[in-house]
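So this first bit is one chain, no partners, the form predicted on its own, shown in C-alpha cells.
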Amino acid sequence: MSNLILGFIGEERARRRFALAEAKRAYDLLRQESPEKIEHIASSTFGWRIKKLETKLVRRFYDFSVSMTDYLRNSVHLREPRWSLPNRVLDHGFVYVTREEVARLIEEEVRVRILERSSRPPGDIPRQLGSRVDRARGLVIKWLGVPTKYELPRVPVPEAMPPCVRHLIENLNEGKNVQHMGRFTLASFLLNIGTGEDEVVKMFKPATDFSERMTRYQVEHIGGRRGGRTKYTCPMCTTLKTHGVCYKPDELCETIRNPLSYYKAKSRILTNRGPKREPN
C-alpha cells in the first residue's frame, strides 16, 4: 500500500527516502538473525544462490558464499573499494562474504525493489485512495518542502565546476544516495573555492538522510572550524576514481590532478575568453 501511494504522489525525494529508511530497517533486523535465517530469507524471498560456509578455516573470515550475479547486482552502487570484485575472494562463481556484508547486500536489494515498486502506476488515482494520497502528499511537502529547481551554489565562476562536482550536486538534488567520499569531495571543494558554510549545508538538504545539525558540524569540521582546526582540501582525482566519484571526465580533466585545479584552470579560460564583442 505504501509503495502504491508513493507512486501516485510521484515525489522522487519521498520515494528515495522511504526506500532508504525501509532498507536500513531491514539491515538492522537482519544483523540480529541467525545465519540459517539469513540464508533462508536471501534464497526464498529474493531468489539468491547463497550457501552457508561450513569449512572451519574459511569460517574464520567469512560466513557465506553468494553467486557472482547476485553479488554484482547489489554491490554495483556500493562505492567503497572493498566491494570491488577484484578485492573479493571468488570460488567457482561464488563470492565469499561475511554475515554483515550479506545484510548490507540485502539492504541494497530491498532499497532497489521498493524504488521499482513505488514507480508511477498506470491510470488515475482510485477513489478509495484519493484521501490517503492527498494526506501523504501534504506530509511530504510539510517535511521536505516544495521541490526546487536545480541550481548551482553561489560561487565566483559556477561554469568552471568540474563534471564530478556537477554530478554530485545533481544527484543530491534528485534525492539520490551520495556516499561519504562524494559528500566530503563536494563539501571540501565548495569551501575551498569560497562558498559560505550556510550555502554548503543547504546543498545537502535534499539528501535522503539529511540532518542539519550533523551536516553543519561536518561542514564546519571540513572547513577547519571544529576538531583539529585543519581545513581539508579536495581529494585527488586518483582517489575519486578509486571511490567511483569521478564522472565523465572531459579534455581538461586529462590535464589536472585535482578538482580544484580544474576549477582554477577553467576559470582562467573563461576569464581570458571574456564577453563576446558585437561586430561593428
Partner chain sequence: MNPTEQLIRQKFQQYYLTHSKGYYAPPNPAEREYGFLLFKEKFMVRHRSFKDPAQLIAAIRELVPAHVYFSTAYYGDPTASMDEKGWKRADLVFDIDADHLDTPCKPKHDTWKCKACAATGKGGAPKICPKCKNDRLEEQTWLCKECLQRAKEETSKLLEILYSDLGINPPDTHIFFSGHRGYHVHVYSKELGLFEEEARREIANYVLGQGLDPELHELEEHSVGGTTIIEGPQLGQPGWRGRMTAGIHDVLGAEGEQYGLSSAQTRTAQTRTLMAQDRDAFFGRQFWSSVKGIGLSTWKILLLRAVQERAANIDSVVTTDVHRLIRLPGTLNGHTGLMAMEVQKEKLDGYDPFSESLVFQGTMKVKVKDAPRFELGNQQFGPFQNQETELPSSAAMLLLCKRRAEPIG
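Remember, predicted model here, so these are calculated numbers, not experimental data. Just so we're on the same page, rigid core means the largest C-alpha set that superposes within 1.5 Å between forms. Residue numbers count along the first chain shown, from 1.
The same protein has a further form, the form predicted together with its partner chain, not shown here; the description that follows concerns it.
Partner proximity in the model of the complex, defined as non-hydrogen atoms within 4.5 angstroms of its partner chain, places exactly one of 104-112, 88-96, 166-174, 185-193 at the interface: 88-96. For the options Leu29, Met236, Leu252, Val58, the one in contact with its partner chain in the model of the complex, meaning a heavy atom within 4.5 Å, is Val58. Interface residue among Arg49, Lys52, Lys241, His221 relative to its partner chain in the model of the complex, by the heavy atom within 4.5 Å criterion: Arg49. Contact annotation: Ser43 falls outside 4.5 Å of its partner chain in the model of the complex, judged by heavy atom distances. Residue contact check for Ser84: one or more of its heavy atoms lie within 4.5 Å of its partner chain in the model of the complex. Though the partner is left out of this view, Phe64 does not reach within 4.5 Å of its partner chain in the model of the complex, counting heavy atoms only. By the criterion of a heavy atom within 4.5 Å, Val76 is counted among the residues contacting its partner chain in the model of the complex. Comparing the forms between this form and the one not shown on their rigid core, the Cα displacement of Lys241 stays under 2 Å.
When the rigid core is held fixed, the Cα atom of Gly194 travels less than 2 angstroms between this form and the one not shown. Comparing the forms between this form and the one not shown on their rigid core, the Cα displacement of Val66 reaches 2 Å or more.
With a change of no less than 3 Å, the CA-CA distance between Tyr71 and Phe184 is larger in the model of the complex than in the form shown.
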